[in-house]
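Okay, so here's just one chain, in structure tokens, the form predicted on its own.
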Amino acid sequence: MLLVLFGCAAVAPDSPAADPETRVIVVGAGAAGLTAARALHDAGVAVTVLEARDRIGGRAWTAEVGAATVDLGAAWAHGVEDNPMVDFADAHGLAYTPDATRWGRLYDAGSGRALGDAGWSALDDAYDGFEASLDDLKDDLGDTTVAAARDAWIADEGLAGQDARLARHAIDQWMVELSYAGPVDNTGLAWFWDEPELAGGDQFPVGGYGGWMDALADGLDIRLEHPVTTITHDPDGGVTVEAAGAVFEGTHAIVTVPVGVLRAGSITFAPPLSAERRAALDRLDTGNLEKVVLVWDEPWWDGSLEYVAADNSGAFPEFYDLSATAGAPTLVALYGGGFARELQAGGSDAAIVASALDVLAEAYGRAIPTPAHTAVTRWTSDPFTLGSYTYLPPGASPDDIDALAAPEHARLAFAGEGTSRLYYGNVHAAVLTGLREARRLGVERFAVAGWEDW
């Protein structure tokens, strides 16, 4: 097929990208929205990005917490090979460094003591053993929850007491609630652990994801503090988007808001979204991965901490020592799933910080110095996210993600991590979907440095 060249980009003839009258409205300035806008803009297409917040980046948010620079949302690039975000970073001189987290302590609250190598080995063995048994568990149990499969596996292995507690922690936290972010008793078994991984190991963007988002956004027309309330769409006429009391007219729109926002109906679509899309949204859900950032003037700890709650509640299971990347003595507590939902529903920021410090005091057996600075994330209740990222409860499948990825018609499209069948929940998923939608509009070869081969 003959391609039309615009600068270094190539677009398909008779496509929207080749039409000088095309104007695309992108809803959301997260990784997916910025990617789509960047690819279209550099191909010569007029694009306006509407962002509800007073900042770009969406769930990639780098903030200053005292003297520390910390990613409050996405923090890792998961793999460097075949990762379009990393290819973009390489081409734009944006550095990253391997996650070399040193785990200094494993504390088991059930026994009231710190465990040594034997404890770490028990966690690793449970992780590996459950993973190896997943196919058989899926065959035997069908579309149930991971919690049900976990209980069956622990019973089959004959584990009890501390061994059972550690096994449950490895499965619940390492494999489910800190990875998929959904509660283990509401995460579906049928499609669990099926998605591929990118090679190259986890990497921290140097200086945080904020610099990567800034590079994506450079030169784009982005309207901050423009929460979209209504999208009127006509397959024969175009789109009208209402945001912050203003009206924006376009030929096409790409909606990149999170699945949680779509599920809540925060944006009114006229006409309404298809029954297939609404049914898929009902089956999917968003997980809840949250952080407590604790910054001190001086370090007092001995590396990162793994905490196994006596009741396996998932209470602050991991404290990452991010001092080296944050630029100041910093611990970041991660917690997710059911514990996150419960704590976020009823705890003030001060109470959540106090609870995290209580866990540290228990694990170290000493009074903990008062942090100089703290931050508490609220992705669970943030009206522009309503959750952290997508997961599949029982009854949901990747087909539901495909239903979200499909356009309503030629003029109304969707992108975002929750529309990526293979990589949902990741930044590279969001970027891939942004490229997908730019390609759907006719961009066949990208002019953006790093994406020439995508």
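Source: prediction; values computed, not measured. Residue positions are given as counts along the sequence shown, with the first one as 1.
The same protein also exists as the form predicted together with a small molecule; that form is not shown, yet it is the one meant from here on.
Participant: Whether residue 373 contacts the small molecule in the model of the complex should be assessed with a 4.5 Å heavy atom distance threshold; does it?
Facilitator: No - in the model of the complex, heavy atoms of residue 373 and the small molecule never come within 4.5 Å of each other.
Participant: At the 4.5 Å heavy atom threshold, is residue 400 in contact with the small molecule in the model of the complex?
Facilitator: Result no; residue 400 lies far from the small molecule in the model of the complex.
Participant: Is residue 53 one of the residues lying within 4.5 Å of the small molecule in the model of the complex, judged by heavy atom distances?
Facilitator: Yes - in the model of the complex, heavy atoms of residue 53 and the small molecule come within 4.5 Å of each other.
Participant: Does the 4.5 Å heavy atom contact test between residue 168 and the small molecule in the model of the complex come out positive?
Facilitator: Heavy-atom contact with the small molecule at 4.5 Å: absent for residue 168.
Participant: Using a 4.5 Å heavy atom cut-off, which of 391 to 399, 30 to 38, 62 to 70, 404 to 412 contacts the small molecule in the model of the complex?
Facilitator: After filtering at 4.5 Å, what remains is 30 to 38.
Participant: Decide yes or no: are 58, 209 and 267 jointly within 4.5 Å of the small molecule in the model of the complex, with each residue judged by its heavy atoms?
Facilitator: Every residue of the candidate spot has a heavy atom within 4.5 Å of the small molecule in the model of the complex.
Participant: What is the one choice in 75, 322, 343, 216 with a heavy atom within 4.5 Å of the small molecule in the model of the complex?
Facilitator: Filtering the options by heavy-atom distance leaves 75.
Participant: Only one of 188, 129, 338, 227 comes within 4.5 Å of the small molecule in the model of the complex by heavy atoms, so just point that one out.
Facilitator: Here the answer is residue option 227.
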